[in-house]
Structure formats: structure tokens, C-alpha cells
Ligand SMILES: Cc1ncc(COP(=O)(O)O)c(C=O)c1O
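Let's start with one chain on its own, the form predicted alone, as C-alpha cells.
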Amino acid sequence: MYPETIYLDNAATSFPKPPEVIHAMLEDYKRFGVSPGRGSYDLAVRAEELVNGIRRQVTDFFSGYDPNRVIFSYNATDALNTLILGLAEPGIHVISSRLEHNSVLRPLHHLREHGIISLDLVPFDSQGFIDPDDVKKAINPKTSLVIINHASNVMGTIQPVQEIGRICHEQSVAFAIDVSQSAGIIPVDMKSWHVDAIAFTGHKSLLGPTGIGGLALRDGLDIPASRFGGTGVDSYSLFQTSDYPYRLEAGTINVLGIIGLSAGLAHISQVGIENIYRHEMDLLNKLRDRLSALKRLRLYCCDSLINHLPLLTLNIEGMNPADLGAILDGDFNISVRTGLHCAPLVHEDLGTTPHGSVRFSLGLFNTEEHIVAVEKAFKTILE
């Protein structure tokens, strides 16, 4: 029997899931676990109605536009590839940042290396924030897309996307954000932020299972299909349908994952997103204050926790972060994330390459006792 684990890697995947989410997945999948839109019999129609209702739920959650513009995918990486590769016309200029996860950096660098796009990456400051003026200065007549990580998965800093969105709107440039870290912790408002596309994943703070994510798109932002196959509509045609959402959903969608995503959204609404943020940030403040009092610890970009997610990154001077993570896991049953966190440019700018850092990311089910346990573990390690 494994000892109880103190799980502090919620930025990778929230765990455990609320019991209500697991229950809803099992019960609804037992009733509607068929291919939606793939038949005219009643059960297939009801499954399609269920999925369409969840599209409306996602639209409302993100203050979006049209439920038919909610596209389900495997995860945020899959959604971002669909978005970026679909919009990548030869000769366009794209602006992103050095904060990005590899799910944005890798498709952009692939396109640049093949001569399809030109690319500028704006920097972040010493506290982990992008200056909107840097984005504005980088825009040129060929700029077609600005894509920014709403919140850093390394430092937890929440970027000024509303101001960046206003700039893009004024310049008639499409603006997309990756809300993988922020969705479910802070409200996301596509309309008031002038966001044309968001990419989300269900398995982090949206409290759903792995294997589900998606895009929410503004009306008028058309993304050509980059994958082709069955959709259940226009089957007589040898070309992918142009109708949303099916043009970007080739093949049978993940009904079980979509049900779990819906249950996660419902649980967030029931608890209250403000209450979730307040609980997790209260724990982060306690963790930051307790660990910052210890010698030999280097904490990154957390002098102020304003515009911050419940995430803390640090190193012990003279210790490889992988070793620290192994000790926390093996000796204290504390699960954290170590390394470069799939965001190599962030660590390059922080000066933490090649080994990276140790990341603590708090979740709905963490408690103050967990914070005390982390402090005790560090005191023991430092001694």
C-alpha cells in the first residue's frame, strides 16, 4: 500500500479529480457512449445533443461567441497545432513570446525553419511579465497572428492579455491565447479581451480527464482543415466539410472526455471560480512566505503575487533540481515537477538551463497541512 502522496503538480494535471466528475463520466457514458452524429437512430441523436449542449457550456464558460465554433481536440497541444498550422499561410509574420510552452514554440519554429512564416518572440521582464508595447512594436504589415501564453507554466505570471488584445484589435491582427494554465482558476473573457481564438485543455484546472481539449473561435476567424477524414456529414464528398465544428474534428470525438470536461466545468461553477482562486492563492502565499525564509533557496518571479497563479518555482543553491525532486518524492512523498517544464526559453532567460527548476503547483484539494509538510521537508534537506 502506497503512503498518502502530497500532490503538488496540478499545473501538469489536476489530481485527484472531484468524485462528482468521475461519477458523471461513468453514468453519462453508460447512457450515451455511442458515436454522436454517426447515425440517425435515437441514441446517436441524443449523444449529438449532449455534445452540442457541452459546446454551449464551454462557450458560456469562456464568454465566447458561437457554440458551433467550439472544436474538441485531444488536448491544448493538439488544438494549438490545428490553429497554428491552419493559419500559417506562406509569407505571414507571427508574434509570440519567450514565455511559451513547446506546444506553441515547436510548430512556430517548424514553420519558420521551412520558410513558411517569419517569427518574432517578445521578451518578458525580471518579474515574468510581457510588456504590451513590445507586442505593438513588433507588429508589421505582414503580421497575421499574435499568440501568447495567458499564464506562464513555469512562473505562474498572468499576462496582460486584455491590453494585448486591444492592440491586436486596433491593428486588425488575429489574437490567440493559450489558457492551459489559467482556465478554471481565473475567468477568461474572449469578448471583452478581443480574443479571436483560445486553446484549452481539460485535464488541468478544468478538473476533467486527460485526452480532451479544444479551441474556441470568434466568428469570422476561419481555419482551414489540416487533417481530413470522417465527420458524419457530407459523406458523399471526397473533400473535408467546410462546416463548423466538423471541419476541424476529423474522426470520432472523445465522448467520454467531453462528458468529463462538462462535469469539471459544472464543479467549478458550483464551487465558484473566485473561491477556488482564493483558496489556492492563500496556500501559495503561505508556501512562498515559509520557503523564502529559508537560506540557500532561490525563488523565481514571486516578489509580488499580484496577477499570479498558484504556482511557485525554485531551486536550492548547489543542488540539481532533479535530485531535489527525487528526494521530495522518495523520502517525503511530495510530488513536484522538475526540469525545463517544456518551456526552454523561459529557463534560458532565468539562467536555470540546462537543469531547470523545481515547480510546486497547488490545486483544489491541497491544504495548509501540505504546506507545513513541504516546509519541514526543506528544513530537513537543508540541514
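So that there is no doubt, residue numbering starts at 1 and follows the sequence shown. Bear in mind the structure is a predicted one, so any value in this text is a computation, not a measurement.
Although not depicted, the form predicted in complex with the ligand is the subject of the following passage.
> Picking from 148 to 156, 133 to 141, 251 to 259, 168 to 176, which part of the chain touches the ligand in the predicted complex when contact means heavy atoms within 4.5 Å?
Replying inline: So the stretch in question is 148 to 156.
>> Residue-level question: is I371 within 4.5 Å of the ligand in the predicted complex, judged on heavy atoms?
In response: Contact with the ligand, no.
> Is T77 a contact residue for the ligand in the predicted complex, using a 4.5 Å heavy atom cut-off?
Replying inline: Yes, T77 is a contact residue.
> in the predicted complex, does L362 have a heavy atom within 4.5 Å of the ligand?
Replying inline: No, L362 sits far enough from the ligand in the predicted complex that none of its heavy atoms falls within 4.5 Å.
> Closest heavy atom of A11 to the ligand in the predicted complex, within 4.5 Å or not?
Replying inline: Looking in the predicted complex, residue contacts with the ligand include A11, since a heavy atom lies within 4.5 Å.
>> To verify the annotation, which of these, T231, S97, T82, Q181, has a non-hydrogen atom within 4.5 Å of the ligand in the predicted complex?
In response: It is Q181.
>> Within 4.5 Å of the ligand in the predicted complex, counting any non-hydrogen atom, which residues from 190 to 208 show up?
In response: Residues within 4.5 Å: T201, H203, K204.
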